[in-house]
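A single chain, nothing else alongside it, follows as structure tokens in the form predicted on its own.
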Amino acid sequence: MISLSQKKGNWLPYLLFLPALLYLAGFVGYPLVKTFQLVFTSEKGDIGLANFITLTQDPIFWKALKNTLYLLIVIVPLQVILAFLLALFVNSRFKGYMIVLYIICIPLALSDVSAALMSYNIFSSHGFLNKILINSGLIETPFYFFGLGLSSRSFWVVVLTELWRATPLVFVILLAGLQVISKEYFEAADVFGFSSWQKFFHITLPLTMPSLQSALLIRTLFAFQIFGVVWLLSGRDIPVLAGEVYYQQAELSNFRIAATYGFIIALICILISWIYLTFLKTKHLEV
């Protein structure tokens, strides 16, 4: 016969999981169900793709999708390259490298709102950049980065702000990948007379590829959700997908269209994740 203590032992793991399951059901499961209900239900209560049809007929949707893709194509490669160079520099363990490490990681403590406000104080017409240029005699009138018809300039301010704000995240991932490479590989390479470039392409780059792919995946997904920096610096002059979710939800109270925007962002992120995990899989993971 099964004793009482044995029965308690059988149920104990499920009781320990119960708080987490309740949390997931209440704060993840229920919102997901309501989102699906909003996405596939029209204002008249009909089930179908009416919200998607409405969205695709709106030119702002295509503009937001285009701008989001532009930001992704520009920001992500620049961030990965810059983070990789910084990680290689810090990993050389020069004297005082810890100070440089702390300086690079400072933006990790800032939210996107804080970074956007700091960037605005630099690039606005009365910001630090214009004051420096005017006081040095390089320009006579302020150089405007924000305003009607200046979306191309605002775009590059957003790019610079995101590079400064989010590159440290990629940097930390790549630095961790570099630090786990055994020095024995490089010692063996020295024995065989490898040059610095040969060490990089045959040892460093292949062994950091898993970290590089993880950083690339995370940063790409975050780039599709970029909102705070764009919204504070340019508003709807540069519409992006996440910004339209906020606009439709908070400004227009159009919950169905806002949910449809969010659903499309989720689908794109799932597709990108599948592409990365399928076609960029490293050889050691395949084994």
Partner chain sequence: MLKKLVVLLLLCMLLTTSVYAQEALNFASTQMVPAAEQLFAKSVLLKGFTDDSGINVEFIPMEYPDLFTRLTAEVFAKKVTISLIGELHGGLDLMNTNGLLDDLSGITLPDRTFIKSLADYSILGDKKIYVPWMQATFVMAINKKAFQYLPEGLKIEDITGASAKWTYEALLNWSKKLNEEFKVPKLGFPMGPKGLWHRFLHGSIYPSFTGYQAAAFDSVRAVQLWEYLKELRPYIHPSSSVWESMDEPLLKEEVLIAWDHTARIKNAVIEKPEDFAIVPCPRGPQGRGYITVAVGLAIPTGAPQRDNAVKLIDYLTSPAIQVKMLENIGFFPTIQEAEGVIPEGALKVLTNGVLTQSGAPDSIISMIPSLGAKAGEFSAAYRDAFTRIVVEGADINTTITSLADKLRAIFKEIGVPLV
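All values derive from a computational prediction rather than experimental measurement. Positions refer to the first chain, counted from 1.
Missing here is the form predicted in complex with its partner chain; even so, the following discussion is about that form.
Proximity of Phe27, Lys34 and Arg256 to its partner chain in the predicted bound form is absent: no residue of the three has a non-hydrogen atom within 4.5 angstroms. Only one of Tyr70, Trp62, Tyr246, Phe52 comes within 4.5 Å of its partner chain in the predicted bound form through a heavy atom, and that residue is Tyr246. Of the listed positions (Tyr120, Phe186, Trp164, Phe200), a single one reaches within 4.5 angstroms of its partner chain by any non-hydrogen atom in the predicted bound form, namely Tyr120. In plain terms, the part of the chain that comes close to its partner chain in the predicted bound form, with a heavy atom within 4.5 Å, is 232-240 out of 215-223, 258-266, 44-52, 232-240. When contacts are judged by a 4.5 Å heavy atom cut-off, Thr141 counts as touching its partner chain in the predicted bound form. Its partner chain in the predicted bound form is approached by Gly147, whose closest heavy atom lies within 4.5 angstroms of it. A residue is said to contact a partner when one of its heavy atoms sits within 4.5 Å of a partner heavy atom; Ser125 meets this definition for its partner chain in the predicted bound form.
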